[in-house]
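Let's start with one chain on its own, the form predicted alone, as structure tokens.
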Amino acid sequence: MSLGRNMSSKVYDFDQVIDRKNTHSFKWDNVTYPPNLDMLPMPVADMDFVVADEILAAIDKITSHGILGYSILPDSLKLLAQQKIERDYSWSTSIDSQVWIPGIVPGITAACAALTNENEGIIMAVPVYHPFHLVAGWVNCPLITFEMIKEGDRWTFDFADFERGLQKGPKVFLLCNPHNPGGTVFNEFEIKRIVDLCAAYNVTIVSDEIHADLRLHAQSKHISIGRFEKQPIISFFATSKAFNTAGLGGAVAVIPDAALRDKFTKASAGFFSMLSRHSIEVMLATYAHGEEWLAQLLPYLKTNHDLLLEYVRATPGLTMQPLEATYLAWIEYDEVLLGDFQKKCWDAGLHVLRGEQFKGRNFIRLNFACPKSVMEEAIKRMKSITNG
């Protein structure tokens, strides 16, 4: 499948600073920003980089055609998704197992609505991406949490605490792999242990794998938990996070178990919109041509990560585990030494998310998917606090 001219040889300029203000940007046009403060926003998870040429060409093709009616999902998109999952995640799936949806958060909500009730709830590790724990309130079911722990230079599960939570009778385990905000790429030992525990307690796994392509180490491998089918599993994939097309939506749920797939489809009926032509064409272009852009992006993100990690390690009162994946740093601060660090960052013109949003006290989450000069300015603003 080709969109025309060969664009694969282009060198992308991630150093380019692009003004996103006055573009209705959720990130840059935040209505809470004081008008007299030059706020540097690093909260929400989108990137300040121009997308791949092939994606822009796909959008241009739609614009030149000029019609924006309803669209059907082409078989070519299903095949490309199936091929990517097998090629990159070593999981052979059937096209029949795919359910295409507008986004992963509504997909998780539909899964929890289908599988839980007011007595049988959801279990998840914390800290975690906030819709994970908010979904319990959305679908009116109990929330059970267990702790992530530091093990060496990475975050992992407290598996003893996990099993104690499973003994309370949840019906769904929500997995975020790679983990947001911890940055962990769960290894095969951890994945198999999760599967064994959930199988033992008859708990369905619902897995968000949107960050699977944002691994910062070339040698690391994403292990999709759906490969280990001891019990029904729902696995969500999307190109939107890794290729910076989050505003367009589009995702796929892979559900090999037919009965589970039927429950999920019924729970989502009438709630999900059809995928737009823009999201379909962009996903086609991304699956077919996006790898060169991503291959150039990842080392750039790693450079920003390392700059930030160097600053944190040199600063008393701050701690950060090196990320294995994502561009979302999870930084712990000592409240005795630094006070309310998130508020001080805000006052210094740096917007980062407060850890409590993810059920993590005395942390901030910082998005470093930006030009290096912007990352350096963010560090400068933090230094004005920590060196003051």
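Model, not experiment: these values are computed from the prediction. Each residue number is its position in the shown sequence, starting from 1.
Below: the form predicted in complex with a small molecule, not depicted.
Asks: By the heavy atom within 4.5 Å rule, which residue out of Phe173, Phe264, Phe243, Tyr129 makes contact with the small molecule in the predicted complex?
Replies: Answer to the contact question: Tyr129.
Asks: Taking 4.5 Å between heavy atoms as the contact cutoff, choose which of Ala45, Val51, Leu353, Met320 touches the small molecule in the predicted complex.
Replies: Looking at the other structure, the residue within range turns out to be Ala45.
Asks: For the small molecule, considered in the predicted complex: do all three of Ile104, Asn180 and Ile210 come within 4.5 Å of it, counting heavy atoms only?
Replies: Heavy-atom distance to the small molecule in the predicted complex: all three under 4.5 Å.
Asks: Spot the stretch among 187-195, 202-210, 90-98, 271-279 with residues whose non-hydrogen atoms come within 4.5 Å of the small molecule in the predicted complex.
Replies: Result of the contact check: 202-210.
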